[in-house]
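Given next, in structure tokens, is a single chain: the form predicted alone.
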Amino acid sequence: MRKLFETGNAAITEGAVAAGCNLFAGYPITPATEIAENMSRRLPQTGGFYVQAEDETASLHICIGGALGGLKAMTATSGPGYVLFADPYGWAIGSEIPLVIVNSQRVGPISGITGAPGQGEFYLSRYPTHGGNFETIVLAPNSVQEAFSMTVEAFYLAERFRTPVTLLADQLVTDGWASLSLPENETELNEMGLKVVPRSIHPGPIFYPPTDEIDVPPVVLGQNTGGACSDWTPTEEGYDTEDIEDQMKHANRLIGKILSHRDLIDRHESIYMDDDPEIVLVSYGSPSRVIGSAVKRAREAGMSVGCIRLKSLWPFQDKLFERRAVYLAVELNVDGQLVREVARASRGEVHFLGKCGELPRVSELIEAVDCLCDGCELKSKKWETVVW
């Protein structure tokens, strides 16, 4: 096992290489540019291909073309580029094309601040394209080491589910420096609990089974299988159709194949939840690291508090919020996104604490928890923290 001191961007690069990625197409954008730079160095060393695209839309289309040619493909961007993926992302979902998309979120709206973290694409990662009638798989690392492992996992899930998978990181994860352990062989990779699914080829001519079955090889064109691939609603053979029955079959498959096998997707971390705490903090990504420290300190002060850190965001893990408790969602935005799903899924009282462009302080979280314990009303601090 190699030990390095590296950034999350480097960890994502090494995770992609370990997973067998052999095509990266991208367009530079802070804070994800270093992923492209690293991939431009690493892929030629492993027999892969790096392509500098003319824009974000083209980069994802190039990845789709490479995946249809039998390559494992990845692209990376930040929020302003992620929103431009809408058209090719829909094609990849509807045509069941496996690939990995990294979004290193920065504060917005629009171009925002390039060097400040944000969590503004929570819902965009669920609905990255038009039309609906689909589910997405989204993973959210909170450290350099997880940036590596979740990249490997993203490729693993993309192949098994035959769909694009989003790694929804943030600027503090991708730009942050920390110790990184890298496996040097398959045995060490397996010891880390990680698996790699090699690319296989659909035998054709059937494009997809009208069931929720997974582990179906993707269509790879040019292999004399007779396989077809369309971005329109397809028949089971992959040809364009205007038939509503075919549309229903296809939509049910895109949803069912993910919801019926979510035991392979769902990931979370629970801290101090065994004794049924009265207050539960909820987060993902970089804020979860601060929350862990705040909860520990609050417990030492005698407060009945625990926390849930979501490692997979979509499909949303409703079952985690079935208990009656007071929930406090903590996010790197001030409009509240994750909190709305917590409110929908839970049977308890739900509150929000959001900051724009910087992490909350442990003291702020303890103050909020103390207030909730006493039944007080949370109050926002103008230009600093929004709570409700």
Partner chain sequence: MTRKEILISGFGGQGIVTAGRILGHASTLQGLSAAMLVSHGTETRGGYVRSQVVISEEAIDSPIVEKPNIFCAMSQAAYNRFFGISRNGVILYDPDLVKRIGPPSPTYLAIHAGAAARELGIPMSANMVMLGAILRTLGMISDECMKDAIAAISPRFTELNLMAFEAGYRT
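Numbering follows the first chain given and starts at 1. Owing to the predicted nature of the structure, the values given are computational and were not obtained by experimental measurement.
There is another form of this protein, the form predicted in complex with the partner chain, and it is not shown here; the text below is about that form.
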May I ask you to check whether I279 falls inside a 4.5 Å heavy atom distance of the partner chain in the predicted complex? no
- Message: in the predicted complex, is there a heavy atom of the partner chain that lies within 4.5 Å of any heavy atom of S179, even though the partner is absent here?
- Response: yes
Fill in: Distance check, R289 to the partner chain in the predicted complex, heavy atom within 4.5 Å
yes
**Asked** Would H268 sit within 4.5 Å of the partner chain in the predicted complex, counting heavy atoms only?
**Response** no
Residue within 4.5 Å of the partner chain in the predicted complex by heavy atom, from I308, L172, L254, V107, is L172
Among L359, L320, A343, V334, just one has a heavy atom within 4.5 Å of the partner chain in the predicted complex, namely L359
Discussion item. Within 4.5 Å of the partner chain in the predicted complex - does that hold for a heavy atom of every one of F5, K296 and S363?
Written reply: yes
In sequence order, the residues of 213-232 that place a heavy atom within 4.5 Å of the partner chain in the predicted complex are none
